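Single chain ahead, written as structure tokens, the form predicted alone.
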């Protein structure tokens, strides 16, 4: 997958940007606050139609004093070239594919796939379970865009069921209907996640060793504390229905749903030790970076395409040796387009297959 052209107009502080990126490495240098991360955010938006930044509204995506932002990319996916566009106004977004308005956003997903790694991702393993669920859901979505629709169905059922549980007198018949829907969509989410972990685990182990050597053994697993049995893709419906039955009285007392994929977590270990409890900051950073690289490798091996990698000032978060190992690994990979931001060119250990840009006050210049 290649981003052949990128045009931005009035997106945050980027007034007028037009780029023809290199098919391998694209480096954006500049001081903080100049617009480097905004460039990566724009590429991410052209993939997911939403920002990776929390609390990003349509209004603050639009340049100051402007009414609209425009984003455009030409994408080559396995020889099939498509033009992708997003117009952002205060009231919403208009998405286009080859110049035609996209009515159903599900039809758009999968046109451009990206994996992003930035300073905020460093905290994924130490943060809340919702952040780790977001990682796995994004990875599945990259492979199966229809997963976004499945997740939306589950969230809608969960919302309705929680609202019913908060009522003073719960309609038992309606609750049973919501139970059936929760089991249907919840089991689908669980099957997708379990299948992903089953195939992702060996890739992560191999990737961690490739980047950081044989000193540690990485492990990852799926954790559903509500289940009274080991989950598999074959038994998730039964396990979920049994758990709903066991917790029915407590759910009515608390007023919300206690079991399901919205309560789950990832288990991460190094040499058999819980990384979140015992891992150093350096080990945690190395592990999450390996997870991101392994996600790309997983997609290459299982689905025969390489998503674009966005690295936002990652080198400042890694020690010198891990930074060296990272760039050695990226150089050795034969395929894959990468966009990198940094405040210091010296951090980026690349000299070949590289296009260098400087970002100053929202302007992007050749470096």
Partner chain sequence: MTHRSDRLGEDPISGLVNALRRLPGIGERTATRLTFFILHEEEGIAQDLAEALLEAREKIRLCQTCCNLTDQEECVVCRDGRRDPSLICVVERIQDLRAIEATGDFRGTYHVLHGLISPLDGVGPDDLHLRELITRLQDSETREALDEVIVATSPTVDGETTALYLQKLLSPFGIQVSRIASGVPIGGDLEYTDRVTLARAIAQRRAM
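All values derive from a computational prediction rather than experimental measurement. Residue numbers count along the first chain shown, from 1.
What comes next is about the form predicted together with its partner chain, which does not appear here.
Participant: Can you pick out, from 164, 125, 140, 84, the residue that has a heavy atom within 4.5 Å of its partner chain in the model of the complex?
Facilitator: So the residue touching its partner chain in the model of the complex, by this definition, is 164.
Participant: Which residue among 232, 281, 130, 160 has a heavy atom within 4.5 angstroms of its partner chain in the model of the complex?
Facilitator: Selected residue: 160.
Participant: Going by a heavy atom distance of 4.5 Å, is residue 173 a contact of its partner chain in the model of the complex?
Facilitator: Yes, residue 173 sits close enough to its partner chain in the model of the complex that at least one of its heavy atoms falls within 4.5 Å.
Participant: Any chance residue 149 has a heavy atom within 4.5 Å of its partner chain in the model of the complex?
Facilitator: Flag for residue 149 set to yes.
Participant: Taking any heavy atom pair closer than or equal to 4.5 Å as contact, tell me whether residue 118 reaches its partner chain in the model of the complex.
Facilitator: No - in the model of the complex, heavy atoms of residue 118 and its partner chain never come within 4.5 Å of each other.
Participant: Does residue 184 reach its partner chain in the model of the complex, with heavy atoms at most 4.5 Å apart?
Facilitator: Although its partner chain is absent here, residue 184 would touch it in the model of the complex, with heavy atoms inside 4.5 Å.
Participant: Would you confirm whether the three residues 1, 21 and 57 all fall within 4.5 Å of its partner chain in the model of the complex, going by non-hydrogen atoms?
Facilitator: Not a single residue of the candidate spot has a heavy atom within 4.5 Å of its partner chain in the model of the complex.
Participant: For the interface check, one of 293-301, 101-109, 223-231, 204-212 should have non-hydrogen atoms within 4.5 Å of its partner chain in the model of the complex; which one?
Facilitator: This holds for exactly one stretch, 101-109.
Participant: Determine the residues of 131-145 with a heavy atom within 4.5 Å of its partner chain in the model of the complex and present them in sequence order; the list may be empty.
Facilitator: If the 4.5 Å heavy-atom criterion is applied to its partner chain in the model of the complex, 131-145 yields only 145.
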